[in-house]
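A single chain comes next, written as structure tokens; it is the form predicted alone.
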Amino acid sequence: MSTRPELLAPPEIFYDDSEARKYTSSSRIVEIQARLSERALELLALPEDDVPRFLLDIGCGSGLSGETISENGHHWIGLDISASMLNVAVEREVEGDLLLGDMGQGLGLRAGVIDGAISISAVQWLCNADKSSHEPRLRLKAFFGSLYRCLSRGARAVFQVYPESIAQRELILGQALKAGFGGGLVVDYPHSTKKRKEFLVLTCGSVPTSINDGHKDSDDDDDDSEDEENGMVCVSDRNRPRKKQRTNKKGKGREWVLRKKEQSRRKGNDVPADSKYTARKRKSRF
């Protein structure tokens, strides 16, 4: 069982000159990237009017997914944190413009200029704290917030992700919805261990999301008939959640009070010591 690369080192270190060239020269990886990029563009559901769109490729690497965008007649700009990957992309003379940057610090793009965004196997890297200053929740918040601002109204963003756990999946989706996106998770071949792929499909604004087209690959004979039979898409169609109503105002117990006092101490505030009377409910009269 191979170790996930995001657990080995930060992306800018893991994808050094050697790894970047090794990654790009692998025919298997090139094929997989092309297939996933095509699927992402399909889920992006761009209008079929032969008008080129301006797309953002997040975690573009050496430009493999960008080539698929170009082949479909669109213009694109790519962002990646690995200078080595971008150097390989320059050597390959990809057609898109390239930016070196950390998506966890936000996207420095003008508001409303992007017609759509895709990302292949990149967003889950934000769930790892590679530095003491990294807080996954805050980095996801900065990323999705800045992405929401730079997308045009009604535009989609499609992210192919490899979440490590259910908690990680919920963290990513939760921060996207808090940023204002509508949408949910699309799972191709959910019952297959080899062909299963997860795509986070988001819509900028309160535009209804409707994704019900399945995806089958009849050329793959590695899976058994049961997996082929279940080659389907699971859709979670969710809109931005409403703010939780404040309830139980009088029901804040001792544990809540102790936690708040500890947080205040960490900030350097002068907080009274805990005692058996802490959070004890006072009587209505003395």
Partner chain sequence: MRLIVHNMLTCNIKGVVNKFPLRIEAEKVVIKKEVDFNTDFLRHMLAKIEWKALVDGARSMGYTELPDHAPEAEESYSFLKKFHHALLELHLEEGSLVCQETGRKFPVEKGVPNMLLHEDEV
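Residue numbers count along the first chain shown, from 1. No experiment lies behind these values; they were computed from the predicted model shown.
Note that the form predicted in complex with the partner chain isn't included here; everything after this is about it.
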* Does the partner chain come within 4.5 Å of a heavy atom in each of V158, E164 and L185 in the predicted bound form? -> no
* Taking heavy atoms only, is K194 within 4.5 angstroms of the partner chain in the predicted bound form? -> no
* Partner proximity in the predicted bound form: F54 to the partner chain, non-hydrogen atom cutoff 4.5 Å -> yes
* Give a yes or no for E95: in the predicted bound form, does one of its heavy atoms lie within 4.5 Å of a heavy atom belonging to the partner chain? => yes
* 4.5 Å heavy atom contact, G154 to the partner chain in the predicted bound form -> no
* When the partner chain is placed as it is in the predicted bound form, which of 118-126, 101-109, 166-174, 195-203 ends up with heavy atoms within 4.5 Å of it? -> 101-109
* To do: Just give me the residues of 79-96, first to last, that have a heavy atom within 4.5 Å of the partner chain in the predicted bound form.
  => I81, L86, N87, V90, E95
